[in-house]
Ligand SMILES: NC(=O)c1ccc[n+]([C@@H]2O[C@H](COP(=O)([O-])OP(=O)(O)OC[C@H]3O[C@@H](n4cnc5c(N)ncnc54)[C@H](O)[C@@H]3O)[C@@H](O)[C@H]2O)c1
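Shown below, as structure tokens, is a lone chain in the form predicted alone; questions about how it binds or moves come after it.
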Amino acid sequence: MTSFIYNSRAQRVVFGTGSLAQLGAELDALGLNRALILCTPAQRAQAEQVAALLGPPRVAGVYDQAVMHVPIETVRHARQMAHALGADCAIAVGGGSTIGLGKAIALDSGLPVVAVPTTYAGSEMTPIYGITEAGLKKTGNDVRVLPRTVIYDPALSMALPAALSVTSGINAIAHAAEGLYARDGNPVMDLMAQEGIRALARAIPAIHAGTDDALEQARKDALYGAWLCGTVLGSVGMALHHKLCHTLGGSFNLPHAEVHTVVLPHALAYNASAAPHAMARIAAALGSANAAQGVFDLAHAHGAPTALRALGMRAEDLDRACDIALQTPYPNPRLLERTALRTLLQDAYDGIRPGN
């Protein structure tokens, strides 16, 4: 076994069907009294459900303008609202966009965040934040943004559309996959990554099929997998795949989970020769002979997009995307080569199955 360093972080996780009912007790344990509830416009009803559960004295208000890639203008508006209403915490109800907004508020204000995930993004388990300003998405790592408590209630994800469930699940798989070849990886994260991928690979087909008697268990498996994969994301460094997705999402306003779904097979294929042991673990967890092809086939078989052009990416923007991705050096198992990276982007744009 190679040498490693493992850091753990103080964070409370409450998991189980019906666990949303414990939200008030969790706020009590943290000494929090007046919450600003965050959500996207589409999830206003779920946010109102949370507000009704807590009751008026504990709810400062509902802010329902969370959007993809966390624009700085939205962050400023939400911070101002939290301050004006006298909120002493934020409750983020939703997926990566909403939890990302909560983190961005916490970054400067110090306002503690309680996360109630309804997708499989995994952002709730990480101290990583991202804010988009002037067309560029900038990310950072700061323990101040880590949600204090995360409540995983599978019942809240039952209504998540199957198509979004598939891409959100593959987004989570991406965190674990890159964790398996992270420069600062360790055996604990390796175990969590493999188990997370395995749980999601088991859940995605069942969610897509939508069979009633299997759906509840599949939702539990998916949320369990998202927790594990998110923990990996928050504990070790990411590489090429995440850099490309931040570039494509932040600079070209492409949908987050769908971009991860399209790019992951090609990023794995790019790194395969430099990280064979990681690829073997990913493939085994997927039940496939090949990691890159296994992810592609999981997406394709369950109706997820497999081409950047289907997401609105323009062919004439691929060169610029390559330039942006190469601007800032970052760790990756294989040296970043412009020609090979440009080929990766072209294959992702065209939706070519890796190895074909």
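Residue numbers run from 1 along the displayed sequence. Keep in mind that this is a model prediction, so the values were computed, not measured.
Just so it is clear, the following notes concern the form predicted in complex with the named molecule, a form of the same protein that is not shown.
Participant: Looking at the partner-bound form in the predicted bound form, is M313 within 4.5 Å of the named molecule by any heavy atom?
Facilitator: Judged by the heavy-atom cut-off of 4.5 Å, M313 is well away from the named molecule in the predicted bound form.
Participant: Taking 4.5 angstroms as the cut-off for heavy atoms, does M68 touch the named molecule in the predicted bound form?
Facilitator: Yes, M68 sits close enough to the named molecule in the predicted bound form that at least one of its heavy atoms falls within 4.5 Å.
Participant: Just checking whether A159 would be counted as a contact of the named molecule in the predicted bound form - the rule being heavy atoms within 4.5 angstroms.
Facilitator: Yes, contact at 4.5 Å.
Participant: Can any non-hydrogen atom of H266 be found within 4.5 angstroms of the named molecule in the predicted bound form?
Facilitator: Looking in the predicted bound form, residue contacts with the named molecule do not include H266, since no heavy atom lies within 4.5 Å.
Participant: Any idea which of 199-207, 177-185, 122-130, 71-79 reaches within 4.5 Å of the named molecule in the predicted bound form, heavy atoms considered?
Facilitator: That would be 122-130.
Participant: Identify which of A222, L233, A90, V166 has a heavy atom within 4.5 Å of the named molecule in the predicted bound form; exactly one of them does.
Facilitator: The residue from A222, L233, A90, V166 that makes the contact is L233.
Participant: Going by heavy atom distances of 4.5 angstroms or less, which of A42, A289, A301, A307 would be at the interface with the named molecule in the predicted bound form?
Facilitator: When the named molecule is considered in the predicted bound form, the option within 4.5 Å is A42.
Participant: Considering only 240-271, what residues come within 4.5 Å of the named molecule in the predicted bound form, judged by heavy atoms?
Facilitator: Sequence-ordered list: H256, A257.
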